[in-house]
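As a starting point, one isolated chain is supplied in structure tokens, in the form predicted alone.
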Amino acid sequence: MPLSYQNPVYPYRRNADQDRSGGHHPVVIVGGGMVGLGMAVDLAWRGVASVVLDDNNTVSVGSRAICHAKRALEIYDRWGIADRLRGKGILWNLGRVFLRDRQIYDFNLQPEEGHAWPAFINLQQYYLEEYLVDAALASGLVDLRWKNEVAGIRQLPVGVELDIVTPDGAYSIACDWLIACDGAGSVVRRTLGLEFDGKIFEDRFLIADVQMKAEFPTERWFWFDPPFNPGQSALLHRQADDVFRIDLQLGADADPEVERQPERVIPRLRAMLGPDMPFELDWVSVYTFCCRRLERFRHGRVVFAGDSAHQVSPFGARGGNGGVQDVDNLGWKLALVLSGAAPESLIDSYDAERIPAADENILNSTRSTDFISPKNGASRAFRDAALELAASHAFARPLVNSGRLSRPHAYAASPLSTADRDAFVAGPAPGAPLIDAPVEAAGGDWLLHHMATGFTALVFGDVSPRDRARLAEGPVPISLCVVGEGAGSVRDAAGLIAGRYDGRAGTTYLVRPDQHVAARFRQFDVAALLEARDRAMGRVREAMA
């Protein structure tokens, strides 16, 4: 267990399904980690109840995913937990790259002002999971079942049946949808006989959490060929509780069991930190990294998310952040299908959108790992030349790859998007996530806070009462967020909203429930908005063809 954190122990409780036959639930989630808990909280935020099964009774042991990107923070803000991350975590935008003992350049991931969240907040995964447990319990819609281990899965004509083992014995339940969030070693994936396709890297890396009072700034530092780890690489991040994450490349021949022993770890850290820096080991692990995924994420009524669906190396913080975006994509679709407002085929768009996102992450992670650990002389020569040039030539810096840091995926080819018919010189295109901006209000406010749980029309200018009424009709209304000067409108502080959306009178964006753009138009048009909404719900015939 980490020195700096005491893992909570959640109680096992007997549930009603253990005392009856035929227990049935709309959604069962396997895995109570950051992705599974996030799935439950997102569904609860949309009014959907779920059961979460976890074979353990605590949050993650060790810091694991620590870098939470701006897009994930915007999602956490929607769920009501982001302020806890801000209060506990380490906020950062700056990074530095070193070659041997000198800095070759630095970078700012968020050079402009006017954003609610930084590029990243560093916080140990166990804190995030604890906040998600609290949010799940507070919702009243999440049945958390600790020490409930899945032992069998059967696909039904409509739905899934599970066999579950507990300290009190076994029981079975059925569900309409099973969401597999049970990680890289997914029991659900193995039970269904599904295999990953991709690449396993030979190099091994030591990951150590070190507790110490040190003056390192709140930045990301990455070394190539440092004097304390010659011929290899190193990475340093500050976390909460005076804990620092240190990654040290070990090479392909390293023995994981040997290298994780304190008598091997401490001298490596001492070489990096110096002979006089007092520190304590908080958590240690040795990893071999993978970049791979399932061929498909949906299999009947079973849907995979997070590491159970795809795996990437940690360089770039794409694993946990990608898993959270899986949840963000799937939750609203599942809620609409369960309500009967959208056809079941809408769930197929999860594959259409999140497989390209996973491929983007895998591509970036593979390139990062290949650059950090070149596999032949030619690759190493290119790498070393790029590093030397980057010290004095800005054009070479994009060639240096110490981990392309996580960015949100834009669903450019999504069947749910309505293609532009008008010209825009700026703003998020259909499929892209919204760009936040400050709203003029006492105490400060942000544009994303004015998006509804469902669909929202972001309109520059006024909307007539008649058109407002038309948008509000039916089981899936479109809410309004009007940027203007009238009563109830959002005031554009410093003109940043108009600038970021190329907004002028009549400009309209249709925003999906996950705050990605479904369509945009130069003139407000109720019929066009309703058609675009239906397409985004998979109700336009050619949308899912």
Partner chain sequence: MNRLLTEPRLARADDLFEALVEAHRELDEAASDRLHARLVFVLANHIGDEAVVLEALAVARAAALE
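What you are looking at is a predicted structure, and each value in this text was computed from that prediction instead of being measured. Residue numbers count along the first chain shown, from 1.
Here the subject shifts to the form predicted in complex with its partner chain, a form of this protein not shown in this document.
Q: Hey, in the model of the complex, is A138 touching its partner chain, heavy atoms inside 4.5 Å?
A: So A138 does not count as contacting its partner chain.
Q: Is the gap between D225 and its partner chain in the model of the complex 4.5 Å or less for some heavy atom pair?
A: Although its partner chain is absent here, D225 would stay clear of it in the model of the complex, with no heavy atoms inside 4.5 Å.
Q: Do D351 and its partner chain share at least one heavy atom pair within 4.5 Å in the model of the complex?
A: Contact with its partner chain, no.
Q: Are any of the heavy atoms in L399 no more than 4.5 Å from a heavy atom of its partner chain in the model of the complex?
A: Looking in the model of the complex, residue contacts with its partner chain include L399, since a heavy atom lies within 4.5 Å.
Q: Of the options L338, L94, L389, L91, which one has a non-hydrogen atom that comes within 4.5 Å of its partner chain in the model of the complex?
A: Of the listed residues, the single hit is L389.
Q: Could you work out which of A412, L363, A381, A426 is the residue within 4.5 angstroms of its partner chain in the model of the complex, going by heavy atoms?
A: Here the answer is residue option A381.
Q: Just one of 430-438, 268-276, 117-125, 381-389 has residues with a heavy atom within 4.5 Å of its partner chain in the model of the complex, so point it out.
A: Within 4.5 Å of the partner lies stretch 381-389.
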